[in-house]
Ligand SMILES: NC(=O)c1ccc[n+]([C@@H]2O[C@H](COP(=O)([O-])OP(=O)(O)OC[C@H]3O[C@@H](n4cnc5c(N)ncnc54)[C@H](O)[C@@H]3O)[C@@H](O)[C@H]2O)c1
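As structure tokens, one chain now follows by itself in the form predicted on its own.
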């Protein structure tokens, strides 16, 4: 059975992929690479660190501390573990953080990606029997910039509007170009508005759900602003499908729910569970791209990908998790 290495392995997406891989016995062992960093202020009130909970119930995991911007260390770890599959999820997790730290965004999405691929190349030169079966790069829906239509597919125009989207797209170019040059099978994943249990990076969905539970007013920036909210389990399983399926080789996939929903709709679904919920609608933040639905037809056709959670069922599961774990 295969070994899987996941950068950002203690992160929201990376840990969810490892959980699904091990729970379903798809892989023998997961090597979780992480720099143990935090992207929001841990001193803020009500901060909950889910990192220990993300992996504590998982067997057959190895956790290695490494910043993927350090070529020597990531190369040493790839040489040490010789993984069959590599999921590169490590990056600045929020557009807001990336836009404030352009250089760090470049390092995490471009330089680190090249470091990992170079480490794969050098290991395969030293060890002729080694072959990486798939390198999976996690990009973002932000590479599209403002959606020109209500729905975009993988071939739609890419015109990122901020540093986060620009660097994610640059990482795609590095992945495609260098992997093709050296015959390394790759897959590129474009997620969107991921939400669900154990998120701790203050995405809009996390803020909405936590405010609802706390009885705090929710501020909606743009009543009709739409996002393709994607439940974390759907993304994790879709990414595994893309990496393991031969039809996913050297392809790019939107792995989302496949349906844009307004921020207002998200809050109205929360109001069903919290009738006393108060919210206020403000103008859209024009610095953020206008988005909508990411077409998942390609993933459905080539991978038989089928998300199991719509927005209502996803929110229900998310709220249930927070209440069960008595986070608030």
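Numbering follows the first chain given and starts at 1. Keep in mind the model is a prediction, meaning the values are calculated, not measured.
Just so it is clear, the following notes concern the form predicted in complex with the named molecule, a form of the same protein that is not shown.
Within 4.5 Å of the named molecule in the model of the complex, a heavy atom is found for every one of 11, 67 and 139. This chain lacks the partner; the member of 253, 164, 208, 144 within 4.5 angstroms of the named molecule in the model of the complex by a non-hydrogen atom is 164. The partner is absent here; in the model of the complex, the one residue of 203, 158, 244, 81 having a heavy atom within 4.5 Å of the named molecule is 203. The named molecule in the model of the complex comes within 4.5 Å of a heavy atom belonging to residue 191. By the criterion of a heavy atom within 4.5 Å, residue 187 is excluded from the residues contacting the named molecule in the model of the complex. In the model of the complex, residue 61 stays away from the named molecule, with no heavy atom inside 4.5 Å.
Interface membership of residue 115, defined by any non-hydrogen atom within 4.5 Å of the named molecule in the model of the complex, is ruled out.
Screening 215 to 223, 192 to 200, 144 to 152, 121 to 129 for residues having heavy atoms within 4.5 Å of the named molecule in the model of the complex returns a single hit, 192 to 200.
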